[in-house]
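So this first bit is one chain, no partners, the form predicted alone, shown in structure tokens.
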């Protein structure tokens, strides 16, 4: 454990992993509340496609991932009604096409492997100080939006009709949610990978929903689960030479099982 904290690349990787995990868990509260879980998965896959495209054409992967993630997030915001094709069908279509394209591009582009990018599992051990800077910059912007519009986002998510009659702009609140979701996924996907991003969006807040009932406790509980899982996952990964992101996801799962047990005993 002592040696772990003295490895610079591990400290940077842990910092980026914590930022990604905490941000995903934070916005994941609304992902579950709005029942748009698979939209989060589709955006994560699109972000992975953006990273691969960036590496292929020589563009900064964060920029290409950010552009694609935000564009598709805005698309999902606009496509919010049942038209000829239901939205969940469109979500599945976008996920499958982007997954197929990503696989093909990786297979035909050795440069992606040189950079150590793994779409599914990510590679938190390849993190640089530049990645940390981008993560910090993105997190500050998202947190400012989150804190300023928090009440409106919660109100519109829990009781849309009452919120609209109270003067809250539903369309604008939804736009902010999808914008934050796109930004968080884009800055997390480059290093953390699809599995880690999607798991962090879903499992910590889902576990907190099983244990707590108040909004503040659910959010704090979700952040706590995410933070402890990332820290312990990094240490166990270093100690036993195991893949970091998948191990963190397994710890998320352990917390969920504990949450189920607590839910059966009492609700806080």
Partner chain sequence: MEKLLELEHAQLGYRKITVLNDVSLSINKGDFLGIIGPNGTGKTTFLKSVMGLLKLKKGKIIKHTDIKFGYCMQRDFLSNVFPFTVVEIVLMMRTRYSKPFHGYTNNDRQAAIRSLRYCGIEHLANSRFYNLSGGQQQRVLIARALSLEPDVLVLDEPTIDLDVKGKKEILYLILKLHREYQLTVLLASHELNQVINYADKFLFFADSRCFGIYHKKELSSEILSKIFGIDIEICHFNNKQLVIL
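Residue numbers count along the first chain shown, from 1. A quick note: this is a predicted structure, and the numbers were derived from the prediction, not measured.
The following text describes the form predicted together with the partner chain, which does not appear among the structures shown.
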Answer key, the partner chain contact in the predicted complex at 4.5 Å (heavy atoms) among 132, 179, 152, 92: the residue is 152
Heavy atom within 4.5 Å of the partner chain in the predicted complex - residue from 215, 236, 67, 223: 215
Tell me, please, which stretch of 47-55, 227-235, 29-37, 195-203 lies within 4.5 angstroms of the partner chain in the predicted complex when heavy atoms are compared? 29-37
Do residue 144 and the partner chain share at least one heavy atom pair within 4.5 Å in the predicted complex? yes
With heavy atoms only and a cut-off of 4.5 Å, decide whether residue 164 touches the partner chain in the predicted complex. yes
Report whether the minimum heavy atom distance between residue 168 and the partner chain in the predicted complex is within 4.5 Å. yes
Using a 4.5 angstroms cut-off on non-hydrogen atoms, would residue 159 count as touching the partner chain in the predicted complex? yes
